[in-house]
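Have a look below at one chain only, the form predicted on its own, in structure tokens format.
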């Protein structure tokens, strides 16, 4: 059992909270195996050259990813943090391969779409599922503690390591909950093995989702009410007012 109030307090203070053992290592291994099948099927020359690969639309490619997107504990955290009407703006996988060395401090959508100064408060939360152990050597995520409260994108040389940066290490099956405005990056992968994670951004329904989540919802057969909500099935659709 995890203390959701304590998790939220840490997100508010530091900008993130790493929670171990949200799923078992065996379940994380199963998700990694499903992802590696997709990585093999979808790899491009650009992926090979960049030593990194993103896989999108994963909730319609394997039911295990849909299960993790709607994981009860994760949803409970974000409902407590953002409100009961949350939706998922994007749910994808990211893998860094041996030799990956690009560092780029950034904040994720929707913040990069907003002109700073960013509004304070809770609008979006990033979820990082560790499908491999995250280590100092294998390209683990790094973060600047407290950066979620700065109200603007990373400053200075975003391609260089920051002295105030910290590397997030943890075991597979762990989840990092983060304020959507946190400054973060991936460290170089100095090992001979890939490192994979799942990335899910949950946010208030007044924002436009990053992915076409409604399109993915339409591909699912008999989705639950929660899945319909998370895949933006209940979001307001713009229409003309009056005649």
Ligand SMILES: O=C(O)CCC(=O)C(=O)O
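If you're wondering where the values come from, they're calculated on a predicted model, not measured in any experiment. Residue numbers count along the first chain shown, from 1.
Here the subject shifts to the form predicted together with the named molecule, a form of this protein not shown in this document.
> So, 184, 195 and 199: all three within 4.5 Å of the named molecule in the predicted bound form by heavy atoms, or not?
All three within 4.5 Å in the predicted bound form.
> Given a 4.5 Å cut-off on heavy atoms, tell me which of 114-122, 148-156, 78-86, 100-108 is the interface stretch with the named molecule in the predicted bound form.
Stretch 100-108 is the one.
> Within 4.5 Å, heavy atoms only, which of 90, 94, 135, 71 is in contact with the named molecule in the predicted bound form?
Looking at the other structure, the residue within range turns out to be 94.
> Given that the named molecule is not shown alongside this chain, does residue 54 nevertheless sit within 4.5 Å of it in the predicted bound form, heavy atom to heavy atom?
Residue 54: yes, in contact with the named molecule in the predicted bound form.
> For the heavy atom contacts within 4.5 Å of the named molecule in the predicted bound form, list the residues of 201-220 involved, in sequence order.
Contacting residues: none.
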